[in-house]
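Coming up is one lone chain in structure tokens, specifically the form predicted on its own.
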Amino acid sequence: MKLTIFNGSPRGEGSNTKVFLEHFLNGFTQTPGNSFEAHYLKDTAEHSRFAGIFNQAEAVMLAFPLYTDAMPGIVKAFIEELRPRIAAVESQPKRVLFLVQSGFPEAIQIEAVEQYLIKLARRLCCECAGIIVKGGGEGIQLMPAHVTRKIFGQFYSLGEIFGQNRTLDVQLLKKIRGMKRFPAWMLPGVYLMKLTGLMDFFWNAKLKENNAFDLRFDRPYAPETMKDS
């Protein structure tokens, strides 16, 4: 099997999404005859060509980070590029699987886009081979090996089994998904981090870096704002 990867992270080859994919693909290619090719959706000028590759691929994996409960704009743009070609693939259904990783630890953050992806596969006349959900992905590249060994091993095993059986192991998917919500005993610590500003430290630094800190509470699409404009 040849698996065609579309990495939808704006960070491209330096993304956390690529890190998770690498371990999955290392397992996948353990089976003789399996191979893959990867494309990066941040190259928006190539979207039309990528759409053609999607249509001709034997099997596809679309991977991206969660951006405010949805997907990055470049992923949505790529999906829109596929629309005119739906009829062309109706007679050639293919298998498509998804990887959605998020900086948020709680898997519930990804559930809305997960349902969308199931519908997307159906609209593209593809068989949905499964959705890999992974929370807490932000900073994974900075974590020491003893912290990441378990999760990377799970991704490797998931890819290895998929390479052998063409299916995603349900038990491994559950382990990778992790907690749906913070358990009650963790909430006091979460609230403390919020009150002390530790929870917002990283994102506030990014806002300042991009001269957007003073705009963080803006609501450009609020009804009252739209009336003024």
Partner chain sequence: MKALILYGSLFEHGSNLDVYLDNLSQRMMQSGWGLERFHLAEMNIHYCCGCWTCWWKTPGKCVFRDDMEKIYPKIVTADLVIFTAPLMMGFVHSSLKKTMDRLIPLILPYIKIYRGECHHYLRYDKMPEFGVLVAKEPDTDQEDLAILSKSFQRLSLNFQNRMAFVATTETPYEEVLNEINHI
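These numbers come from a predicted model, not from an experiment. Residue numbers count along the first chain shown, from 1. We call the rigid core the largest set of C-alpha positions that still match within 1.5 Å between the two forms.
The form predicted in complex with its partner chain exists for this protein as well; it is not shown, and the discussion that follows is about that form.
- This chain appears without its partner; in the predicted bound form, the one residue of 151, 79, 96, 99 with a heavy atom within 4.5 Å of its partner chain is 79.
- For the candidate set 49, 194, 181, 166, a heavy atom within 4.5 Å of its partner chain in the predicted bound form is found for exactly one residue, namely 181.
- Of the candidate stretches 55-63, 194-202, 30-38, 167-175, only 194-202 contains residues with a heavy atom within 4.5 Å of its partner chain in the predicted bound form.
- Shown alone here, residue 115 lies within 4.5 Å of its partner chain in the predicted bound form, counting heavy atoms only.
- With a 4.5 Å cutoff on heavy atoms, residue 119 counts as touching its partner chain in the predicted bound form.
- Interface residue remark: residue 136 is not counted as part of the site for its partner chain in the predicted bound form, having no heavy atom within 4.5 Å.
- In the predicted bound form, at least one heavy atom of residue 207 sits within 4.5 Å of its partner chain.
- Of the residues in 101-120, those that come within 4.5 Å of its partner chain in the predicted bound form through at least one heavy atom are, in sequence order, 104, 105, 106, 108, 109, 111, 112, 115, 116, 119, 120.
- With the core superposed, residue 13 shows a C-alpha displacement below 2 Å between this form and the one not shown.
- Three angstroms is the minimum change: in the predicted bound form, the CA atoms of residue 205 and residue 146 sit closer than in this structure, by 3 Å or more.
- In the predicted bound form, the CA atoms of residue 214 and residue 67 sit farther apart than in the displayed form, by at least 3 angstroms.
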